[in-house]
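Single chain ahead, by itself, as structure tokens, in the form predicted on its own.
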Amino acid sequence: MKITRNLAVAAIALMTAMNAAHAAKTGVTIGLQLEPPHLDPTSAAAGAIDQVLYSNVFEGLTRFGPDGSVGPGLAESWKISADGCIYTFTLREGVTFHDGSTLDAGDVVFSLDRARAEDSTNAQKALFENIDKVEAKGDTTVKITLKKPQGDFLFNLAWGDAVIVAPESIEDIKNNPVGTGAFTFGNWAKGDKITLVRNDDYWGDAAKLESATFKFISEPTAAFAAMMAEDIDAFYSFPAPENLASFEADPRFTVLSGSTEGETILSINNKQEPFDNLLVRRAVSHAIDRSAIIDGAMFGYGTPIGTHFAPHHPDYVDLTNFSNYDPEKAKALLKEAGLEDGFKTTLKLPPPSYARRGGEIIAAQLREVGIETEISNLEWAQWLEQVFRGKDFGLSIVSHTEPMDIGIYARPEYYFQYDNADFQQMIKDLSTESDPKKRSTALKKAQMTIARDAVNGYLFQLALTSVVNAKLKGIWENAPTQALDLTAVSWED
């Protein structure tokens, strides 16, 4: 009798322990290398903001799916006028912000007018420049009138820069983001982590996770240790590709190897001497050995590119031959430019390992043709201040992870300061073109133009290699946008 009772007690204890272990898996901890500078996706270029907040906390009228398609978001439907200039959106009913206020058409008007205002700090303000006016037609109807037809307008509205915010909460949005998404903002321990909590009043399908914590681990060795110790459940875009084989051999983990929208480039300041000379930019492009960079910095993960366009896009053109590795040609071009003895410049690098590791390799390659670089390793906020906003750099390395963003080359004020009136007209014409064949032709011509002008050194398309607990399901393998969408992530029973 005593034995039976002891067995029963042991069984109960075991079941309790198992239930406790199961209960502990209602949340998730995700490792990220970069911490956001603040929490407003509508006023900064940092992709780290979207990684944490897009779709999870903030939503737009439309949204990206895991395959890159654009579908309904806060707008359940829309109609487009025959001339392509008027979009009438019907908002979902019963949607509330996390502070309890109701989403209505006025919030959409406020958000889009704020994004396109003259004093807007939105990093992608150009997405909204074709909007003529935004009007509320009742509580759930929004009419957007464009200056001219725009084939990619619904696509643009899915960007993190176009999420809908409320005027009541805008003052403190950088520290206390209030959106409509499946998770609410919990807290931010700066320098450490951000925690989100499930929104039980969400208008759509409720998140399966009760909470999500984003843990910021900048050092690749620390990321490896944290993952191996199972202190974190996944590391999104794992920063140490040399360790991926170890995870692949460990049954506790799954390695996801997908594609991103991230064109990794050697950014060139086109207005700074001597880079304002096309011959010099071409010399730089021929001094770069992409294969050595992909192998040395990324351990073979990455696809070579010769222009600013994703290789998985159907309109991609392989233009790597325009900037093939040819150091002798690079030296000849420098001589033609009057720089036979070379020159010195700066190479300012943000924190990601592809930039820091790639920077050392590129510096050595440039040195071989006579270009000496002074390397500065910057934190993300410093990079944004000095390079992106201040344009105080000669060279830099960064991955542009925004989807379909070749249009940035039509903005002379953009940080690499390429100013080509013909290219600007190409992008203007493209924005109003809806015929698929003509759009394809225009996109190919645009790719060719920036490759010939050697605007930047085009390196590789960033691969997305994430390490995930084998029991965690729903993490996107590919990254059609910068977001880490957790709305459908769950633990396997």
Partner chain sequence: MNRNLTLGIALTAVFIIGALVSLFWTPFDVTKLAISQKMQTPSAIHWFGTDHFGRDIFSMIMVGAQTSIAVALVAVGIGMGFGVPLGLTAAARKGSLLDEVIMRGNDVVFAFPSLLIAILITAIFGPSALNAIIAIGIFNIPVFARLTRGAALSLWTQDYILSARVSGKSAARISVEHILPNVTNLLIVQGTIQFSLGILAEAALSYVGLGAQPPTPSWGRMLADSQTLISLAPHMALFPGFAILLTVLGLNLAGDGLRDMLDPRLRRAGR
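Please read all numbers here as calculations on a predicted model, not as lab measurements. The term rigid core refers to the most C-alpha atoms you can superpose between the two forms while keeping them within 1.5 Å. Residue numbers count along the first chain shown, from 1.
One more form of this protein, predicted together with its partner chain, exists but is not displayed; see below.
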{"query": "Contact residue in the predicted complex, chosen from 367, 125, 313, 391 - any heavy atom within 4.5 Å of its partner chain", "finding": "367"}
{"query": "The single option of 224, 418, 216, 253 touching its partner chain in the predicted complex, heavy atom within 4.5 Å", "finding": "224"}
{"query": "Contact of residue 299 with its partner chain in the predicted complex (heavy atom, 4.5 Å)", "finding": "yes"}
{"query": "Interface membership of residue 132, its partner chain in the predicted complex, 4.5 Å heavy atom rule", "finding": "no"}
{"query": "Residue 381 within 4.5 Å of its partner chain in the predicted complex, heavy atoms", "finding": "no"}
{"query": "Touches its partner chain in the predicted complex: residue 357 (any heavy atom, 4.5 Å)", "finding": "yes"}
{"query": "Option from 86-94, 197-205, 241-249, 254-262 whose residues, in the predicted complex, bring a heavy atom within 4.5 Å of its partner chain", "finding": "241-249"}
{"query": "All of 220, 295 and 376 within 4.5 Å of its partner chain in the predicted complex, heavy atom check", "finding": "yes"}
{"query": "Yes/no, residue 364 Cα shift of 2 Å or more between this form and the one not shown with rigid core fixed", "finding": "yes"}
{"query": "Threshold 2 Å Cα movement between this form and the one not shown at residue 152, rigid core reference", "finding": "no"}
